[in-house]
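In the block that follows, a single chain appears as structure tokens, in the form predicted on its own.
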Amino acid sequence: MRVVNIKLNRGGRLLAGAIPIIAMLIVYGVMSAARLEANEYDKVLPTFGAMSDAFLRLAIETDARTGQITLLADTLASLRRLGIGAAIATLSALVFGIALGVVPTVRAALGPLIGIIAVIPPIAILPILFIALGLGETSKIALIAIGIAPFMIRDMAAHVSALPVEQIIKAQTLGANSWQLTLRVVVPQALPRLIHSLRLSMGPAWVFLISAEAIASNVGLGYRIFLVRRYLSMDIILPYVAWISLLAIATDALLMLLSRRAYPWAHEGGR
């Protein structure tokens, strides 16, 4: 049997996915133990026990300076910024993406502008945002929205433009005006793609969030990572990175669940 024809069942896929992760953890544990044995003050590769103790301390104990549980405060602050920025970008993609895909005049007028904005590295405009909007929440949220909105808009516009022209013609033949055509034909087919586009954009959104928090913030997951790096506190940095990864995985799973429950027809055939 050819390798390309081998298909695993659900249990096999889970096992195949778990093996590299377990192997990586074993390798890390061995290397961490070796470094600790060579130098009991080593901070580069903390043991799992040290990371667990540090993470639990931040997750349970109340900070004497702020009166808050550090991990909870950081997580809520970051998720709030991420959620607002992603919501703004999603709404922008829905409105402008559909407009660009449906109305040729809008596509001719705004298409070049969206294309120019899309190729500008968002991190490069971070100083501009800080100068124009200040160091508060607005600039951080704006970076996330500006960072992912152009891609989502272009993706949505391309998807709408690729809808079968027969559907558009049939709707117009039945007397649909532009609003009816958009709301009854285009929007229902665009929403599953919008969720998919948001899923693809969440990785860059996390990057922009962490970057903004690292430069100007007093709370947040990115702020905490860059705060403790000056003390070489890898026992905090690594668990925080793992926590961010878990949050990202959970967000992606929720978006996928939403898409499958709301639009099961868009996932027929395993898509």
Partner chain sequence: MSAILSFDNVWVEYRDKVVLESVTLDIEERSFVSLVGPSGAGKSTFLRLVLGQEGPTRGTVLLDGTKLKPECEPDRGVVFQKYSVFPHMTALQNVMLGLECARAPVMARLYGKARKRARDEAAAMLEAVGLAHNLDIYPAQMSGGMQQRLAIAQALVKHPRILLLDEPFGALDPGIRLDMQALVTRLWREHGLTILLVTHDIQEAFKLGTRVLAFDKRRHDPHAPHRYGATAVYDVALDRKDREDAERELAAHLSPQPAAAGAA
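In this text the structure is predicted, and so the values were computed from the model without any measurement. Numbering follows the first chain given and starts at 1.
Form predicted together with the partner chain: not shown, discussed below.
K.L.:
Can you say which of 97 to 105, 171 to 179, 68 to 76, 197 to 205 gets within 4.5 Å of the partner chain in the predicted complex, counting heavy atoms only?
P.N.:
It is 171 to 179 that comes within 4.5 Å of the partner.
K.L.:
Have a look at G136, P188, P121, G115 for me and say which one sits with a heavy atom within 4.5 Å of the partner chain in the predicted complex.
P.N.:
So the residue touching the partner chain in the predicted complex, by this definition, is P188.
K.L.:
Is I128 close enough to the partner chain in the predicted complex to count, meaning some heavy atom within 4.5 Å?
P.N.:
Close contact is absent here: in the predicted complex, I128 is far from the partner chain, nothing within 4.5 Å, heavy atoms only.
K.L.:
Taking any heavy atom pair closer than or equal to 4.5 Å as contact, tell me whether L183 reaches the partner chain in the predicted complex.
P.N.:
Yes, L183 sits close enough to the partner chain in the predicted complex that at least one of its heavy atoms falls within 4.5 Å.
K.L.:
Evaluate Q167 for contact with the partner chain in the predicted complex, applying a 4.5 angstroms cut-off between non-hydrogen atoms, and reply yes or no.
P.N.:
Q167 belongs to the contact set for the partner chain.
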